[in-house]
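Single chain ahead, by itself, as structure tokens, in the form predicted alone.
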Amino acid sequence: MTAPRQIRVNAFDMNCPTHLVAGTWRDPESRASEYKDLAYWTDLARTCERGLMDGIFIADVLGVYDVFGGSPDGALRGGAQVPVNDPALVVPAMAAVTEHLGFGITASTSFEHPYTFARRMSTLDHLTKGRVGWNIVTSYLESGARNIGLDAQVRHDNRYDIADEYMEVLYKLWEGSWEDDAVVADPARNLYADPEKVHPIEHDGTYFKVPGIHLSEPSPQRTPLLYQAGQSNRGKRFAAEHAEAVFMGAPRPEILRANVDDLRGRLVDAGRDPHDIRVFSSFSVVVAPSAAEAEEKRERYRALIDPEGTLVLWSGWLGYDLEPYDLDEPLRHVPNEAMQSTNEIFGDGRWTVRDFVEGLGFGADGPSATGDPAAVADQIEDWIDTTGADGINLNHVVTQQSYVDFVDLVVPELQRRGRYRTTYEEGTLRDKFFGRGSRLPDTHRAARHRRHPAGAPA
């Protein structure tokens, strides 16, 4: 008899007061205003490792949500992803209080040069002993583009063209610049690194020119575990060529299932195994020991939902202003350079502003489960088995209480059903995901830039 498929879980958070559920920062149990304190992050890391989660997936955005009403005022009032701090800087503190937990850092290929970014990620991979991943995004806010000096946001598909070359530069730096045995660290010979085994990458491309060597010595994974969050046609093509884990959101299971099946087919076309990618779906949970208590908690949270903050976020994701819409007016597809897949899904005439405020205010673009531990576990299992996803990115409704509730109530129920790990696997984050070593496999396009075939981890 085949063992049931294990369900993977990341805690989905952001270094700001309001990530996805606007208004609940006001709940007495919320620690949202502590996002700027190290204790917030170290406590979260301990909770997630206690719950044997795969990792903490930290969202990020450069720019302000100023599409709603043509102003950042609504975002500022609701703390809607502003103020927002750098996600990478909290990782070393979390790594210091954990042993196994992974850390997925969101960073844009649009707003930072690959040469400096490569060093930052190698540093984090060293400091975490190989527990870091990178969520590759191309950015979607016009305000972000303008604030780094662009006249306007680069067109959606062109951003992915730039990202493809960005990845090539990174692979050359991470995988090819330093040979596996370049670091000698021999005091007797006064030799730390052998110059003959450290190579300039001599990249001269359309968008980037990087002639020199990587600044960091090889880290445990060399290339961090590669996440990607995009499900447009161009985004899925990019994922099939680069990603090892993909974050997808969908309001209905048939939408997610179609995207998962499409992505796995594209992996085969790219010469990879269809399960070389772990798919994580957006998911929210309100759980309590009894169904009545869970419903009471949900109603308390619902009363805190901030309609303006919700529409601020959705206007930014969709790329057009929702302020002029009536509550029951169907949304339309408005072509723009923001999140194209989100725009297409929610612009099909089935969704209204009221849907966002009253329903999707809880779950962003994924399902929301409410109930006792058994009922919530049922809904998670059904979603995973129906959609073909590998796991969930668990949104918080109230931070950090949503994660504490999940760890204390839902994890034991999933473990009892054989759907959730009872101990961590050994090794780096990539080892824990795939069980085949710390390095990218030979079938990944990064491997072509290696000086030697992949062997033992560097």
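Quick note: we count residues from 1 along the sequence shown, nothing fancier. Keep in mind that this is a model prediction, so the values were computed, not measured. So that the term is clear: the rigid core is the largest set of C-alpha atoms that superpose within 1.5 Å between two forms.
FYI, the form predicted together with another copy of the chain isn't displayed, but the following is about it.
Although the partner is absent from the chain shown here, Gly63, Val90 and Thr116 each have a heavy atom within 4.5 Å of another copy of the chain in the predicted bound form. Only one of 429 to 437, 37 to 45, 416 to 424, 396 to 404 places residue heavy atoms within 4.5 angstroms of another copy of the chain in the predicted bound form, namely 37 to 45. Screening Ala375, Leu327, Val268, Leu76 for any heavy atom within 4.5 Å of another copy of the chain in the predicted bound form leaves a single hit, Leu76. Only one of Asp262, Glu112, Asp181, Asp273 comes within 4.5 Å of another copy of the chain in the predicted bound form through a heavy atom, and that residue is Glu112. Another copy of the chain is not shown here, but in the predicted bound form it comes within 4.5 Å of a heavy atom of Pro17.
A residue is said to contact a partner when one of its heavy atoms sits within 4.5 Å of a partner heavy atom; Glu299 fails this definition for another copy of the chain in the predicted bound form, lying far away. Put simply, Val82 is close to another copy of the chain in the predicted bound form: some heavy atom of it is within 4.5 Å. Not displayed here, another copy of the chain is approached by Asp306 to within 4.5 Å at the level of heavy atoms in the predicted bound form. In the predicted bound form, another copy of the chain lies within 4.5 angstroms of at least one heavy atom of each of the following residues of 177 to 214: Trp178, Ala185, Asp186, Pro187, Asn190, Leu191, Tyr192, Ala193, Pro195, Val198, Lys209, Val210, Pro211, Gly212, Ile213, in sequence order. Annotation for Asn190: C-alpha shift of 2 angstroms or more between this form and the one not shown, rigid core superposed.
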